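Here we start with a single chain on its own, the form predicted alone, put down as structure tokens.
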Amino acid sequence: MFNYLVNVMKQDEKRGLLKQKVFDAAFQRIQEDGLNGLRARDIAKDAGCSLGSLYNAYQDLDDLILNVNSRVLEMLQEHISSNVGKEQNAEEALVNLAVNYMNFAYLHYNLWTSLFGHTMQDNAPIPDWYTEQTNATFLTLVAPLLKLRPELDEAQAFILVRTLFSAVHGIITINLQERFISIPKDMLEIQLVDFVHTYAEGLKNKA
């Protein structure tokens, strides 16, 4: 019995090491090249394992990408909240969150675009755990927004949060992809700050 448990522990340890190697290889590939042309065979080669071993570690390429994106969401959450404190007023907090989001996109462009560029194979549903983590990232914006509109419940605030996020994300995306008229980062930050201030003032006036 003891030997059996030792063997199980060793197998779990080996599988854990394999998962980490595959994860690291996929993370590096996405960080350097984005999702374009990402292939399981290349990841397995980078990880020093067979393609079959990769699929023993992760169900499929979707599962692996979602796990990488989960880590990116953690990085994003940490980054956007880095200088946002309870002592700030709601408008300042929203401005800092927007600017931090912009900076993250500039610093980690390929990882950032992976969050929005990945689609599940064969229209498979997105796992609940990943949806919950994504929603938790949005909830970072709810607290300051509720200070501006305290009469709203969390569900109503969440709808406004998604609207604000979509606008901020769109402004940054268009500029980074150099569509239409691209402007320098420092000028983009000024415009972004002005936009969030205007949005916040509009919310306060509706309260």
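One rule holds for the numbers: they count along the sequence shown, beginning at 1. Keep in mind the model is a prediction, meaning the values are calculated, not measured.
Although it is not shown, the form predicted in complex with another copy of the chain is what the next lines describe.
Going by heavy atoms within 4.5 Å, which of 44 to 52, 146 to 154, 23 to 31, 161 to 169 lines up against another copy of the chain in the predicted bound form? Heavy-atom contact with the partner occurs in 161 to 169.
Are any of the heavy atoms in E189 no more than 4.5 Å from a heavy atom of another copy of the chain in the predicted bound form? So E189 does not count as contacting another copy of the chain.
Does any heavy atom of H118 come within 4.5 Å of a heavy atom of another copy of the chain in the predicted bound form? It does: once another copy of the chain is placed as it appears in the predicted bound form, H118 has a heavy atom within 4.5 Å of it.
Is the gap between N67 and another copy of the chain in the predicted bound form 4.5 Å or less for some heavy atom pair? Outside the cut-off, so no.
Consider Y106 of the chain shown here, and say whether it contacts another copy of the chain in the predicted bound form, taking contact as heavy atoms within 4.5 Å. Heavy-atom contact with another copy of the chain at 4.5 Å: absent for Y106.
In the predicted bound form, the residue from Q88, T131, N83, Q77 that sits within 4.5 Å of another copy of the chain by heavy atoms: Result of the distance check: T131.
Go through 184 to 199 residue by residue and record those having a heavy atom within 4.5 Å of another copy of the chain in the predicted bound form; state none if no residue qualifies. Going through 184 to 199 in order - heavy atoms within 4.5 Å of another copy of the chain in the predicted bound form - the hits are Q191, D194, F195, T198, Y199.
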